[in-house]
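Read the single chain below, which is given as structure tokens and is the form predicted on its own.
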Amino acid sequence: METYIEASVILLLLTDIALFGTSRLYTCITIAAVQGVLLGLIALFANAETFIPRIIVIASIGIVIKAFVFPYLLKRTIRQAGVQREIQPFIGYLSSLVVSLVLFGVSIWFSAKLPLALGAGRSMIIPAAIMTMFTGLFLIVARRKALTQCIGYIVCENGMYLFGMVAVGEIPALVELGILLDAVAAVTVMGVAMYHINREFDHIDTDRLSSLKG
């Protein structure tokens, strides 16, 4: 199972890097959905020896929400807003790829400072978790569209989910389900907010909302 964990973690890192260089919103949503599937698989592979039913249930619910519910809500928002791309980000896509390499190095350095004992094949889980959190925060800060920032929130939550899975270990099922419910509620509220912003102002660029100031 360690081989499967390592492969899943590598794929997760590749999805992070892809988000730095992607302008198409549909592609970003698809990548975030793939991350949801990978997180569920990592959770199952990491607990394959014990195979606790609770883990199976939580992982399955996580996959359904992150890979199907979130993409459905976000793609519906795209259709309503009539936007397809992040045209003029605060940081260009080539520069973003350079930033991704820097953040990956920082993730490896920072994870080496953490006193966590990981088994063979799992040495990259913590760097991947930190890198995923950095990726989400970068999308929130460096992109203009509210929709891209919403995707960034989901990606950041993916990183925190993975980090908690490894660093904390046993988390009560009620707490895990509560976190997923909070994420669903947050994405739903963001979708409604973006719909109303687009209806009133014909755009979802958050930097242009400064015109609302008195």
Partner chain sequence: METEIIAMYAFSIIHMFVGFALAPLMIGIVNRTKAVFAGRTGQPFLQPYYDMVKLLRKGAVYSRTTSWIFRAAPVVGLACAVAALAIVPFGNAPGLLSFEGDLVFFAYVLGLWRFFLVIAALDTGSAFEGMGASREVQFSAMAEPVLFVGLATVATLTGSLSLSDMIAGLSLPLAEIVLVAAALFVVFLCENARIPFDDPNTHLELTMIHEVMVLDYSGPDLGFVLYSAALKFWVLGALIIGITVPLDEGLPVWASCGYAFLGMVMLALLTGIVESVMARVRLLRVPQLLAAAGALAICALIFSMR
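Residue numbers count along the first chain shown, from 1. Computed from a predicted structure; not experimentally measured.
The discussion below concerns the form predicted in complex with the partner chain, not included here.
This chain is displayed alone, yet in the model of the complex one of 84, 123, 80, 88 has a heavy atom within 4.5 Å of the partner chain; that residue is 123.
Three-residue candidate spot 14, 17 and 97; every residue lies within 4.5 angstroms of the partner chain in the model of the complex by at least one non-hydrogen atom.
In the model of the complex, residue 138 stays away from the partner chain, with no heavy atom inside 4.5 Å.
Interface residue remark: residue 114 is not counted as part of the site for the partner chain in the model of the complex, having no heavy atom within 4.5 Å.
At the 4.5 Å threshold, heavy atoms of residue 72 stay clear of the partner chain in the model of the complex, well away from it. Residues 93, 94, 97, 101, 104, 108 are the ones in 90 to 115 with at least one heavy atom within 4.5 Å of the partner chain in the model of the complex, listed in sequence order.
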